[in-house]
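Heads up, the chain below is alone and in the form predicted on its own; it's given as structure tokens.
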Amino acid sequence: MNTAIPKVTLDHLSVRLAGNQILDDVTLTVEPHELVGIIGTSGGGKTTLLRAVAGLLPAAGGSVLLDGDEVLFPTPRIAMVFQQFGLFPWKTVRANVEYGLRVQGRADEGGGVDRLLEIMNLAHVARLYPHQLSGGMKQRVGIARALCVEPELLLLDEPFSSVDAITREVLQNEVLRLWERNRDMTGMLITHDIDEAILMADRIVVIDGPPGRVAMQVPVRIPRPRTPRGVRSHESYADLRDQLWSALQNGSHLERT
């Protein structure tokens, strides 16, 4: 019998904002080093869920647990990559990447900043500022900043939605490669793209709403490492995609703009 504590536990989580019920009775667990993809219709509460997990929003009911400990405030154990970059415009690329380390009072003893700048193809722009970068480069900086602090839990809120298709695939591959190297990191990924969820996630959770509730969970039984072409040619891809598409279609009548 497996008695290990999940890395993340959402225990009957509810969230209210401005008097509106955004999440209602969400129960979900994420195992250590599992990457869970979260999809759903717009306005269903996916981003709210991730912000609650990060300790950025309070629970109106239930709780968020990290290794069994309740998350009430932001913690350096959790890092989040935002959809709209979230960079400091007055800081250089290097300063943005190392920001988390400085806030935590940690030195870059292992050369992690330089290593991430190289991996994310940012070394040549390390002295530039965000307004001098393309959208793809800005998102690379945001991802590198989150990874630099070596978080136990990485939260990704549609991290590739603001870039072109080619850059999107490059970033997906880079994040997957880093993910597979770091066995101590667990992750939750929000995406509107079913194919992206299948490519990246170990398990996909469908959120219906509003208010947001877990409608379905399904494992992705495609071996890693994965590539977009390899995923699309796998024997289980078509059925899995149809299953997820049907779940989204069944919940679309609940969508609010």
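All values derive from a computational prediction rather than experimental measurement. Sequential numbering from 1, following the sequence displayed.
The same protein has a further form, the form predicted in complex with a small molecule, not shown here; the description that follows concerns it.
- Contact with the small molecule in the predicted complex, defined as a heavy atom within 4.5 Å, holds for exactly one of 22, 247, 240, 10, namely 22.
- Between the options 42, 227, 29, 63, the residue in contact with the small molecule in the predicted complex by a heavy atom within 4.5 angstroms is 42.
- This chain is displayed without the small molecule, yet in the predicted complex the stretch 45 to 53 from 198 to 206, 219 to 227, 45 to 53, 64 to 72 comes within 4.5 Å of it by heavy atoms.
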